[in-house]
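Coming up is one lone chain in structure tokens, specifically the form predicted on its own.
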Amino acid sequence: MQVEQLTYAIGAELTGVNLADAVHDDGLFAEIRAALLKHRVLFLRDQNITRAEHVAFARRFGELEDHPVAGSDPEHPGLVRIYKNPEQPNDRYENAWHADATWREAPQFGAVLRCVECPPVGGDTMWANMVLAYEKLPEYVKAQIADLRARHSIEASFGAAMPIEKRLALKAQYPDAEHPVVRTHPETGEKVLFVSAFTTHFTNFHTPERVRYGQDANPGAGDLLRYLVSQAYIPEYQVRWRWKPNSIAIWDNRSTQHYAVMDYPPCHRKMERAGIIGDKPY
């Protein structure tokens, strides 16, 4: 297996490897896992693997989970189908910068995403290194956010366009989760900036140390949250991947965010993602 680093900040392409082999080869899988921790997102081309092999490889990292809104392959639970269809013009929304499923008490460890069909041009995906985003913050900001916690919501994201009854039912099933604004990576011990498009507000900002009068909390907390969320937008922290059929991305959801670029004309874009159950951030 060869590993080619793609940017200074994040990302590497693997060649000379078939992920189907890593299902049964412990040594090869250990190499891939070590590369993932180092580079945070890994890319591979020409991985003509079956859905069963896709799921089996992802399960080497941990058990898989379904998504309450996006549909899964009926024969392979945990393999979420992210299909964009030109016959459904209202289904054009992609996303903003986010880490997957932070609205869960235990967000995903990571994911293995395979391109089934994509536009000839456009539809790239970008990833950002949120360890570097934290490291580069001014020291006074690090001190200000060291003990902050924030809420992450599926209701305010996936549920926003639903009728109110469905939206409230979704929130009842998945109440807003509260996570530290700066989490610690459970394997590397690195500090990670952990707010994104799923984050709605801080839960412990309004204290005497930060707020003299009630008006200090508004817009002070909102301005700080927007500033922190915007750190993922910095190009120096990013890598961009151009999809082709049978290309695969594997990422560490604990230390990265990603963004699916919606710059392609109405056409099919079919992706299949195996999301791996993670742990509660601390």
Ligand code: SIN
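The first residue of the sequence shown is number 1, and the count goes up from there. In this text the structure is predicted, and so the values were computed from the model without any measurement.
Below, we turn to the form predicted together with the named molecule, even though it does not appear here.
Within 4.5 Å of the named molecule in the predicted bound form, a heavy atom is found for all three of 82, 98 and 269. For the candidate set 243, 237, 57, 43, a heavy atom within 4.5 Å of the named molecule in the predicted bound form is found for exactly one residue, namely 243. With the partner removed from view, the residue among 131, 154, 181, 113 that has a non-hydrogen atom within 4.5 Å of the named molecule in the predicted bound form turns out to be 113.
The named molecule is not shown here, and in the predicted bound form it never comes within 4.5 Å of any heavy atom of residue 17. Taking the partner from elsewhere, residue 260 is found to have a heavy atom lying within 4.5 Å of the named molecule in the predicted bound form. Proximity of residue 199 to the named molecule in the predicted bound form falls outside the 4.5 Å heavy atom cutoff. Stretch-level contact analysis of 188-196, 98-106, 71-79, 143-151 against the named molecule in the predicted bound form, using heavy atoms and a 4.5 Å limit, identifies 98-106.
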